[in-house]
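Take a look at this single chain in structure tokens; it is the form predicted alone.
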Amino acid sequence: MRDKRLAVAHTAQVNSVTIGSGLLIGDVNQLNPRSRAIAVQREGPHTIEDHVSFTTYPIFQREPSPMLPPLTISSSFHHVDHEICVDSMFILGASTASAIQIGGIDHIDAHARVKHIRILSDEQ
């Protein structure tokens, strides 16, 4: 990490961290969170035997788009204070290949694929 600064948080209240996500405290070199999900909303009664498979949907077999090359921008920074201080944080939540981080990170490559299906009662 270039020109590191120290992140200081007195308190952090986080309600939930779910589905391939994380709460990270400290510096991280590389983070690659991944998540894939099929969300089915069905109007009316349903049974637990109603299974769906990732192989049914092409979105889960496709290769992700290649990363763009990093931009090179000439810049310089002068930090009067080398600490970033926060008294308190309240975070409702992080979900689906995401991260809440108190600290620094060099590289992050997050992938989330969600197939959302809504089945109305007149379609059944």
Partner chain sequence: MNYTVYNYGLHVGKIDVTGVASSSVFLVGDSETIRLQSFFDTPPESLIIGPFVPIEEEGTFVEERSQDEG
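What we label the rigid core is the largest C-alpha set whose atoms superpose within 1.5 Å from one form to the other. Given the structure is predicted, the values throughout are model-derived calculations rather than measurements. Numbering follows the first chain given and starts at 1.
Here the subject shifts to the form predicted in complex with the partner chain, a form of this protein not shown in this document.
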property: 4.5 Å heavy atom contact, Tyr57 to the partner chain in the predicted complex; result: yes
property: 4.5 Å heavy atom contact, Pro64 and the partner chain in the predicted complex; result: yes
property: Heavy atom contacts to the partner chain in the predicted complex at 4.5 Å, residues of 84 to 108 in sequence order; result: Ile84, Cys85, Val86, Asp87, Ser88, Met89, Phe90, Ile91, Leu92, Gly93, Ala94, Ser95, Thr96, Ala97, Ser98, Ala99, Ile100, Gln101, Ile102, Gly103, Gly104, Ile105, Asp106, His107, Ile108
property: C-alpha of Glu83 moved at least 2 Å between the shown form and the other one on rigid core; result: no
property: Flag for Asn32, CA shift 2 Å or larger between the shown form and the other one after aligning core; result: no
property: Rigid core superposition, Ile73 Cα moves 2 angstroms or more between the shown form and the other one; result: yes
